[in-house]
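Take a look at this single chain, the form predicted alone, given in structure tokens.
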Amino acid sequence: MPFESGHVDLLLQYVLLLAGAKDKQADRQLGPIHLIKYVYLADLVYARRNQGKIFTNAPWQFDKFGPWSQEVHERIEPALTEIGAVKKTLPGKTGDKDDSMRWSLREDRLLQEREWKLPTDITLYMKRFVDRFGQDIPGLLDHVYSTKPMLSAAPNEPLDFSLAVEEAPSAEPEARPLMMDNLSEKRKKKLKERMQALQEKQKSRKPKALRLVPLVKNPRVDKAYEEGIAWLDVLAGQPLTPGEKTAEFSDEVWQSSTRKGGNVS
């Protein structure tokens, strides 16, 4: 399927205009890292109800900063320039141009126009995403990292949006007949009398007072206590020496069931 640059432009403009409708000036400014992740989320919610097909046909892959598409990144400047968005460059801390760039635009008429051109499967969710995350990069990254295509891929691998397809709701189970329905009127009457008697008996019982564990005011700290602590320390193994450490993980960790929410016990 060919890359839909027109769809990407529409999404980029819509997301920026959504942010532009926020009350605070600071909340209206989005950088490339926000915009790319919001376009990814738009493709994700669209794929859920369209058999894994995405709206942009962008070749998404797992990059070091999460879901990434170079084609989407290259559309940011022309798409936002087209609608007259304001580009601002902030003092950068990391030296990455994307980290220091912010776009903003407040235009209610354009926002409405872009919204009419997008599927409701997308607009419904994008409003929630922009309201929820806005400029919050850690929160936005944490959310996209936990999505199914990301949890099933390793770095540099393409993302599979078919994993996001919603399962069709199962049919409503048929109502099972109650046992009472099969009883005779005489047995129903006796059963009701017994249930009423049990309820009256339960009401007549006094509630038991809660028993709290007494507070230890002066905990025991003696030789036995110190020997116990020393024994626990031995079980923990040799203590780490102070200093900088390097942890290495097997490449198999990316495909482990733990990343997909498996049991870690």
Partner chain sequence: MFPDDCIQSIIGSANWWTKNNEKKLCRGALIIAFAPHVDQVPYALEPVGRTDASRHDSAILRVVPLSVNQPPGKTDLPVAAMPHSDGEVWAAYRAKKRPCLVIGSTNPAVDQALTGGMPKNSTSPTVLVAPYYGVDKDSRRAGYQPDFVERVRHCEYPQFVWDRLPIGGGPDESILRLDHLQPIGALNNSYKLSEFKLSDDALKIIDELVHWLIWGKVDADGLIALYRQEIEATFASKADVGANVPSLPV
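Just so we're clear, the structure is a prediction, and the values are computed from it rather than from any experiment. For the two forms, the rigid core is made up of the largest set of C-alpha atoms that agree within 1.5 Å on superposition. Residue numbers count along the first chain shown, from 1.
Not pictured, yet referred to below: the form predicted in complex with its partner chain.
All of Q25, D99 and R109 with a heavy atom within 4.5 Å of its partner chain in the predicted complex: Answer is no for this spot.
Quick one: is R49 in contact with its partner chain in the predicted complex, heavy atoms, 4.5 Å cut-off? No, no contact at 4.5 Å.
With heavy atoms only and a cut-off of 4.5 Å, decide whether Q238 touches its partner chain in the predicted complex. So Q238 counts as contacting its partner chain.
is_contact(K206, its partner chain) in the predicted complex, heavy atom dist at most 4.5 Å: No, K206 sits far enough from its partner chain in the predicted complex that none of its heavy atoms falls within 4.5 Å.
I'd like to know whether Y145 contacts its partner chain in the predicted complex, with contact meaning heavy atoms within 4.5 angstroms. Y145: contacts its partner chain in the predicted complex.
Report the stretch among 74 to 82, 186 to 194, 117 to 125, 130 to 138 that approaches its partner chain in the predicted complex to within 4.5 Å, counting heavy atoms only. Heavy-atom contact with the partner occurs in 130 to 138.
Could you run down 209 to 248 and flag each residue that has a heavy atom within 4.5 Å of its partner chain in the predicted complex? L210, R211, L212, V213, P214, L215, V216, K217, N218, P219, R220, D222, A224, Y225, E227, G228, I229, W231, L232, D233, V234, L235, A236, G237, Q238, P239, L240, T241, P242, G243, E244, K245, T246, A247, E248, in sequence order.
With both forms fit on the core, has A26 moved 2 Å or more by CA between the shown form and the other one? Comparing the forms between the shown form and the other one, which are aligned on their rigid core, A26 does not shift its C-alpha by 2 Å or more.
Cα of Q51 displaced 2 Å or more between the shown form and the other one, core superposed? No.
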